[in-house]
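Quick heads-up: it's one chain on its own, the form predicted on its own, in structure tokens.
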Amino acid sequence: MSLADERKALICFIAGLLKDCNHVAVGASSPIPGAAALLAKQMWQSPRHVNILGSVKNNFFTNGAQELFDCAAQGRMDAFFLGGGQLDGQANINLMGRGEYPVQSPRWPGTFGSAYLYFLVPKVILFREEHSRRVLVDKVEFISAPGSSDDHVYRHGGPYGLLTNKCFFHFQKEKKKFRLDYIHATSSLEDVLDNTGFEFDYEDIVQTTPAPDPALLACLETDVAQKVQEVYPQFAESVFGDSVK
């Protein structure tokens, strides 16, 4: 399977996770989640509202991140996507860097509003295309946003699952631990175990990620590809080729 086809499959999988949402927001540097949100809206009219920061046509926010944060605080956002330089088995995120804070090398962009949104948005989908022990670690070196909180802490939001280029983990809030739900056709259980730095629950036989529905894939490669081109032009050209030229 080519890289473009792998990415199309990831987009279709994420779209299926968003069917129960009304409002989804996506960061400016998240082309795969962004394409998935647009695909779900186009195919099922659910979510009804999609905000892609950095887009002109697919963003009804007029005040950037401030309006995004206000919307989340008011309980009017159903799903958001977060990633990180490191993610661990308790769904903690490191967006700061490696090494002892504050002298870290490399130093990453920083937390921005990740912790804030992690506490407020009910379905936070962790997404990192790279699946390696460099990224999926036993314990992050700096917690930019915690995956869980003490019982006395009010928290409406949190991690729903973690998607990579090898598999999908569902986050078990009661156990504060991931469970392996799906393995992509290009991977295997041995491959996932070898390249994951944290422990996770799994069955002896794990489901293979369903192949994209042909109608969903056709919708992605036509109408949605043109919409992705508007906000992620280089990504669209690499995945959809001549269809967006």
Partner chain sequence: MFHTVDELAQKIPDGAKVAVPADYAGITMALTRALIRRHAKNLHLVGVPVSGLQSEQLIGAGCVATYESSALTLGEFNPARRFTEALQNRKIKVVDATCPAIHAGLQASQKGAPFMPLRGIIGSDILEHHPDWKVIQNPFSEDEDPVVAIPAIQPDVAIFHAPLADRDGNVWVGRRRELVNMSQASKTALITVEEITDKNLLEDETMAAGTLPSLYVGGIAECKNGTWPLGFWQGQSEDGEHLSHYSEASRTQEGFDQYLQDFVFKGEAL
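Note that the structure is predicted; figures quoted are calculated from it, not measured. Residue numbers count along the first chain shown, from 1.
Omitted here: the form predicted together with its partner chain. The next part is about that form.
Only one of 131-139, 168-176, 76-84, 118-126 places residue heavy atoms within 4.5 angstroms of its partner chain in the model of the complex, namely 118-126.
Remark: Ile143 counts among the residues lining its partner chain in the model of the complex, judged by a heavy atom distance of 4.5 Å or less.
Remark: Thr222 does not count among the residues lining its partner chain in the model of the complex, judged by a heavy atom distance of 4.5 Å or less. Shown alone here, Tyr202 lies farther than 4.5 Å from its partner chain in the model of the complex, counting heavy atoms only.
Using a 4.5 Å cutoff between non-hydrogen atoms, Trp44 does not count as a contact of its partner chain in the model of the complex. Residues Phe60, Phe61, Thr62, Asn63, Gly64, Ala65, Gln66, Phe69 are the members of 60-80 with a non-hydrogen atom no more than 4.5 angstroms from its partner chain in the model of the complex.
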